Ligand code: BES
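Here you get one chain, nothing else, as structure tokens; it is the form predicted alone.
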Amino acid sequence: MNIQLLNKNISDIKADILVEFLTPDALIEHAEVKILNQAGFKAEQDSICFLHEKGLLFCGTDSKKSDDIRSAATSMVQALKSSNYQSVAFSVIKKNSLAAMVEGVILGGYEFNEYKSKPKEITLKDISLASNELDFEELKTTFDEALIIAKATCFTRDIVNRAPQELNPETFAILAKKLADSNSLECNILAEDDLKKENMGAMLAVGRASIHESQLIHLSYKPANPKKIISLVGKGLTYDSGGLSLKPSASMVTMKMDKAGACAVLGMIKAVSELKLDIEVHAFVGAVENMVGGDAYKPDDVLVSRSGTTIEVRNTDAEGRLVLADVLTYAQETVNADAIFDFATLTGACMVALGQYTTGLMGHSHKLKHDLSRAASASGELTGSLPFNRHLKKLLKSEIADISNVASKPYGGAITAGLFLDRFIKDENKNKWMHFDIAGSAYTESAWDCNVYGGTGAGVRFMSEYLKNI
């Protein structure tokens, strides 16, 4: 679908169908209220009503706030994709909701059909947004930025949705190199021999039983005079069987999504480079496959991490934190960043705590939490803060090593996973670091908001919003 912003009145645009977003209050005063009432349309959130003979589509929205408009635009584009209309036009409601309209169309209309032999053909080709505002150039800037971020989110979704036989650590590195080439990014990839030289003992243990070599990927975007330096770290488990602590078979389905943190940081650096922000950004990815075999790491193993911290393995399905421990250490030693953010589908416990739709936010800096939460809210993504405390930290004690990779009690699992990572953050970086658990928000098997089946691209929109405002 082609989407464009035009400096025109809606009446001057030729389209097969025109769309109006109506609140319940606006419906009462609308010229078509009689026929809409006859059709049973009440302008409830996400409801739609076609008046085909008039070439009109009405979309209900509780308010003109961005979250409601985004959801209504999603319903609109999905209804139009099921029709035979080729072109559609609608007016920009206000500048503050323009990005939400773009996201509703692009993200709500997203499909991943690469594995279907005969994907359904979509008739809808052209989508026009109309506005004759005096500050059209400013509006166009907002539109262009929203388009870049939405497409970066779709890029992230595409990687998450790729099947594990196609996307393994080695092919993930190839994909990252292609992104670097297309977006003029620096790229450094460490294969297993390099990882051994770098003493990445925890990360190497997780991937030991896989036929695919583990990879550490480092992409860099370096503008001339950056205001800040940001490090983004992503968990890249291209597939997670659970290792010898084998997952139940039903739980293995969708485990291609365990690379969503890594996919998100690639989407973020893609967006930053295309927005041309004056911020230096480094994306670090630990790409690993956790499999079962004669060489698999085992419960009771003691691993030596890059930092020298020894780790008692009590569950091989708590593998993402082992990978991140080494990658976080490497990132801190490689780049002196003003902020360090890691993204990981780390714990099912985060979904228990916050639900499926919300990203867990953990760290020490209250200011950083506040700034990130505000950016997330502005972007339409949901975050919830989970508090660290010294009592949960005690649960990671090991009798034979420096730390255990799982807590001795099952409660507060998302927080204890975050506290494990905290062990590998240098003291001088404690207030610069934030951990995001996207286990619930990164993948969905039932549509919600502008998220369709599969990868959601969680993190890309809110981190882009945060970085834009630095």
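Owing to the predicted nature of the structure, the values given are computational and were not obtained by experimental measurement. All residue numbers are counted from 1 along the displayed sequence.
There is another form of this protein, the form predicted together with this ligand, and it is not shown here; the text below is about that form.
- Note that among 247 to 255, 280 to 288, 197 to 205, 361 to 369, the stretch whose heavy atoms approach this ligand to within 4.5 Å in the predicted bound form is 247 to 255.
- Distance criterion of 4.5 Å from any heavy atom to this ligand in the predicted bound form singles out Val406 from the list Leu421, Ile415, Val406, Ile69.
- When this ligand is considered in the predicted bound form, only one residue from Thr310, Gln78, Asn315, Ser220 comes within 4.5 Å through any heavy atom, namely Asn315.
- This ligand is not drawn, but in the predicted bound form it has no heavy atom within 4.5 Å of Thr153.
- Interface residue remark: Glu319 is counted as part of the site for this ligand in the predicted bound form, having a heavy atom within 4.5 Å.
- By the criterion of a heavy atom within 4.5 Å, Gly293 is excluded from the residues contacting this ligand in the predicted bound form.
- Although the partner is absent here, Pro387 lies well away from this ligand in the predicted bound form, with no heavy atom inside 4.5 Å.
- Residues are counted as partner-facing when one of their heavy atoms sits within 4.5 Å of this ligand in the predicted bound form; in 333 to 350 these are Thr345, Leu346, Thr347, Gly348, Ala349, in sequence order.
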